[in-house]
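Only one chain is included here, represented as structure tokens and corresponding to the form predicted alone.
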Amino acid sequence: MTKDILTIKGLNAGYGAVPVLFDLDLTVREGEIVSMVGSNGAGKTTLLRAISRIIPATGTMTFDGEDLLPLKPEGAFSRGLVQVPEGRQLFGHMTVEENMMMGANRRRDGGVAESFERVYALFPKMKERRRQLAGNMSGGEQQMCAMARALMANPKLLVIDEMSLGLAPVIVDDLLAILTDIRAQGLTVLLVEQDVFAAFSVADRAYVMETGRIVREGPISELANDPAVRDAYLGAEH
């Protein structure tokens, strides 16, 4: 049995006096891809901000056996909880390789050179473009660079916020294939996506969020055949 690397129970969070998340329960096990899906405004990004300790939250959040709630963002990051943010947030005036190095700047394990080789094997285009300014690349290439930067931090859990946003379907397919390769290497992924087709195509399990609450959860095979999920997110013809 694989262990739970992220366990959330009764999570509540919001902005000031405005609540957004209500009594959320969520579990991510080692070595799996878990998707969190829902429409725009469902609270998915707020959940990621709470997990990454950017905003306050109440309830219980445990990461790799440690209480997350007292930690600051840098504390969560240093313990291996690494996020690829919505919009990529690269340093456009820096090269691809310099951006990737930023992901490794807190590491003291001596394995950075090996990580470069491993990440370049996943993203060969980034090796070709390593001297290019990140700001001059296409949206798909920038998303690859953002994912490569996160992997350079040697994460225990890779959290990806809206990976497919604004990208052509063929680029999304390439990124999904890379996620499958990442999972095959043993890395755990939490994929937060508005594109339910993309999320369901690679995930082992999924949670469906609406207005700050989890309304469905389970293996992809079950959710894809759930009439409410099909009607709301996949279309009746599917």
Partner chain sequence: MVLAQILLNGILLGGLYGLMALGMALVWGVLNIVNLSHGALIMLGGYVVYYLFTIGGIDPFVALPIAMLVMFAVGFLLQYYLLNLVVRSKMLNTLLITFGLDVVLTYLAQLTFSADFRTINPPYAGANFALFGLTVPSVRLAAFVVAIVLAAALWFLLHRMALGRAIRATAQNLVAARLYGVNPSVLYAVTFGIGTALAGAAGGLYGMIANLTPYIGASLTAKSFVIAIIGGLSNPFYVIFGGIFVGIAESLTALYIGPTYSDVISFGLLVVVLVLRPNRTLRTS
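Positions refer to the first chain, counted from 1. No experiment lies behind these values; they were computed from the predicted model shown.
From this point on, the text means the form predicted together with the partner chain, which you will not see here.
Residue contact with the partner chain in the model of the complex: residue 202 places no heavy atom within 4.5 Å of it. Residue 194 falls outside the set of residues with a heavy atom inside 4.5 Å of the partner chain in the model of the complex.
At the 4.5 Å threshold, heavy atoms of residue 118 stay clear of the partner chain in the model of the complex, well away from it. Heavy atoms of residue 98 reach within 4.5 Å of the partner chain in the model of the complex, making it an interface residue.
Against the partner chain in the model of the complex, the set 171, 183 and 223 makes no contact: no member has a heavy atom within 4.5 Å. Note on contacts: among 187, 54, 176, 26, the single residue with a heavy atom within 4.5 Å of the partner chain in the model of the complex is 54. Of the candidates 167, 90, 137, 122, 90 is the one whose heavy atoms come within 4.5 Å of the partner chain in the model of the complex; the others do not.
Residues of 42-80 lying near the partner chain in the model of the complex, listed in sequence order, are 52, 54, 72, 73, 74, 77, the criterion being any heavy atom within 4.5 Å.
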